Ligand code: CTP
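First, one chain by itself: the form predicted alone, in structure tokens.
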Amino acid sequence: MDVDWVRETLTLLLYILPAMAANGTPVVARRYYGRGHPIDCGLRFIDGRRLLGDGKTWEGFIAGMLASLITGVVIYLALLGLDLEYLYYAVLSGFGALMGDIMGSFVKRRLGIERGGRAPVLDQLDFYAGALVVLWVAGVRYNIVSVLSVGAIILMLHIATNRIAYLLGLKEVPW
């Protein structure tokens, strides 16, 4: 087994863990803050459909950002060999994840897919793509093998955690 590939994949996973926390937190937090205030303020795009819909709220965004910061702090403290700069990347990773998820909602609305409607791959990986883009712009470099490896892990975890959230009544649909 190529040690560099494993090391680079684990490093990318450390950068993406805060994004995963940011992506999953709004679903759980919604139980506590209720419906929330939609980011799009009810605005409609030129196609007459909502920009994002009621599922993307300011409360969820803030909760997701806090989750990425907390996750980054926990990872930083657990792995003392990390540079303090990691916390900066943890927050950026969470921001990218939330923006990727928002863009995924925008695309789904343009395709006529309503909130809760199914969009395979987009539903599972939009946040990952957003985090990757923001991290890349910030100077974090990774290779395609690591991106695909972490993507496969995320895809499996996303499917499992969404089904669990559905069974616990945290989500209306199992995807």
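Just so it is clear, the model here is predicted, and its values are computed rather than measured. Don't overthink the numbering: it's just position in the shown sequence, from 1. C-alpha atoms forming the largest set that superposes within 1.5 Å between two forms make up the rigid core.
A second form of this protein, the form predicted in complex with this ligand, is not displayed here; the remarks below concern that form.
Although the partner is absent from the chain shown here, none of Arg50, Gly100 and Arg110 has a heavy atom within 4.5 Å of this ligand in the model of the complex. For Arg115, a non-hydrogen atom is located within 4.5 Å of this ligand in the model of the complex, even though that partner is not displayed. Taking non-hydrogen atoms only, Val27 approaches this ligand to within 4.5 angstroms in the model of the complex.
Though the partner is left out of this view, Phe61 does reach within 4.5 Å of this ligand in the model of the complex, counting heavy atoms only. For Gly130, no non-hydrogen atom is located within 4.5 Å of this ligand in the model of the complex, even though that partner is not displayed. Partner contacts here mean any heavy atom within 4.5 Å of this ligand in the model of the complex, and among 66-74, 51-59, 146-154, 133-141 they occur only in 51-59. In this overlay on the rigid core, Thr9 has a C-alpha that sits less than 2 Å away from its partner position between this form and the one not shown.
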